[in-house]
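Only one chain comes next, encoded as structure tokens, the form predicted alone.
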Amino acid sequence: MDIPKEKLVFAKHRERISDEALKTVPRSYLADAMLRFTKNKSSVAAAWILLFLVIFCILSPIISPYKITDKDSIYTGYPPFVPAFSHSGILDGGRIYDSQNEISMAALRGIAEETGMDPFIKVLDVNEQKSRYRGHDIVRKTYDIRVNAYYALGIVHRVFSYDEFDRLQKWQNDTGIQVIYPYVLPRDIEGIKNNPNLWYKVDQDGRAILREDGSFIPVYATEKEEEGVPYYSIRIPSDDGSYIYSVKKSGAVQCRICYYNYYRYIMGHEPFYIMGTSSMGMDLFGAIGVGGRFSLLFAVLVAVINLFIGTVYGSLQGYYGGAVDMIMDRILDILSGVPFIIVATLFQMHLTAKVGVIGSFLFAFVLTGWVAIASLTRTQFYRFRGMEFVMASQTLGASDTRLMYRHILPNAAGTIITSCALLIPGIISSETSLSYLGIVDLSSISGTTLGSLLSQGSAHAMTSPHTILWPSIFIGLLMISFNLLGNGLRDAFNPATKGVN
């Protein structure tokens, strides 16, 4: 090696030369492991995602304006909707209606004109079908449109007691919001009874009969002998006081009401569903948080119990070996051969009455859930029990307990911690699967579960895909994040990589 002359310095005669003191601060085993963990970008990203999911589970039921028991029987499987974005293209309650004919288009236009809430968002496509009838060319058009499903519901029929009808009228007067609309007798709309949105003149096929200027011809009822209860509240602008707003119905009154505004009456606010509603009418935003919170807490509890049992069992098995290992290993073989789904089903059938749904479900997971951790711990103890540091401690008189849990177990902690981290998503997956299949029903305890939401949404996957999409995304993120986190923890807590950055 060619060293420049100027870098050579003569040593002083009789000068004492020694190594300089270390200037760096020593790191603990945990600090060293965390340093290695932070260098694993995928694991760090997974940890942040898990933190976000945990915060979501805590806050979403609090932020949501709905309780888990709030279930709307009309807004079932409705898409995400925030009133401020009603025609923005996102969170606008949009739903695609395919192949709408002129009758359907007129009905939507009638809703917009009567209630002032225009359901049309966008016309996606216009299809023309040409045919010939009695020597004339006939062109029929159908439309693929995107509408605000909450506005498109329009008017519904409701039966009220006299007291409730009176309270609703007073609320209208106080707020100025029109809920009750003039009644329409079926005989005035060609006997059609199943379409409360018809308030205009139609022919026998249900097609609107329009004026020359293209406007609708109202057919609101005016016969006072048909009226249920005298109406004293606000009226629609075109009403000169002659329209009736209810008819008699077996000791009560039947009305035509705008359900969107009626919802404001009963809930105190407009529909507000960031993730839409489930097929049971629950707010998915809060329901996923409640279901995810239960799944995480249950999985962590099961993982801790199984980790404790499996670690103690596997350490005894792996440390002593011989006949002890053989007998204990046969027990593991028997337990590992028992199908988990059979255990869970039998426990739900015969143990639920004694210990409850949660108790029987917990026993099912604990019965065989620790077997994998015990086998892994046994393997790690076989690996380390013959190492020099263990033999040295044994020579110095260390007890078996100290050797197992002070010297061997810390060296096996990386692999065991990884298995525990990977155990949690497996528990969540099993719990979700059993709830999805209907083998166990935890809804009465937790309000809802991720598996229940998936099961309910699967029946409406074609018409309301969001009901199964959001729970699936949550579970998918949970599974992937736990797997990546487990891999990062395994590498970080591996003693062989101590000091390696």
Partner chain sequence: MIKYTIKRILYMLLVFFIIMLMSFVLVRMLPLPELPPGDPHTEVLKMRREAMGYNKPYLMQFAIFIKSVVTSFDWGLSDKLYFGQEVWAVFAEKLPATVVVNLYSIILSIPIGIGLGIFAAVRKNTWIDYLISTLTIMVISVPGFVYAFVIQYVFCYKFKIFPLVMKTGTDWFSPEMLRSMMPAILSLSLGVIASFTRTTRAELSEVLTGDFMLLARSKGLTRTQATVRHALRNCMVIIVPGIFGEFLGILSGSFVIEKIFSIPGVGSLTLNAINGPDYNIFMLSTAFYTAIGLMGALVVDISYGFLDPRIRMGEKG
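What you see is a predicted model; the values in this text were computed from it and never measured. We call the rigid core whatever largest set of C-alpha positions still superposes within 1.5 Å between the two forms. Residue numbers count along the first chain shown, from 1.
Missing here is the form predicted together with the partner chain; even so, the following discussion is about that form.
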If you check Ile103, Ile334, Val355, Ile90 against the partner chain in the predicted complex, which one has a heavy atom within 4.5 Å?
Ile334
Picking from Thr379, Thr142, Thr345, Asn195, the single residue whose non-hydrogen atoms come within 4.5 angstroms of the partner chain in the predicted complex is Thr345
Which among 347-355, 82-90, 236-244, 394-402 is in contact with the partner chain in the predicted complex, heavy atoms within 4.5 angstroms?
347-355
Taking the shortest heavy atom distance, is Leu53 within 4.5 Å of the partner chain in the predicted complex?
no
My question is simply whether Ile445 lines the interface with the partner chain in the predicted complex - judged by any non-hydrogen atom within 4.5 Å.
no
Can any non-hydrogen atom of Thr432 be found within 4.5 angstroms of the partner chain in the predicted complex?
yes
Although the partner chain is absent from this view, report whether Ile209 comes within 4.5 Å of it in the predicted complex, heavy atoms only.
no
Looking at the partner chain in the predicted complex, do all three of Ser458, Ala461 and Ile480 come within 4.5 Å of it through at least one heavy atom?
yes
Suppose contact means any heavy atom within 4.5 Å; which members of 435-449 contact the partner chain in the predicted complex?
Tyr436, Leu437, Gly438, Ile439
Under a superposition restricted to the rigid core, does Tyr382 display a Cα displacement of 2 angstroms or more between this form and the one not shown?
yes
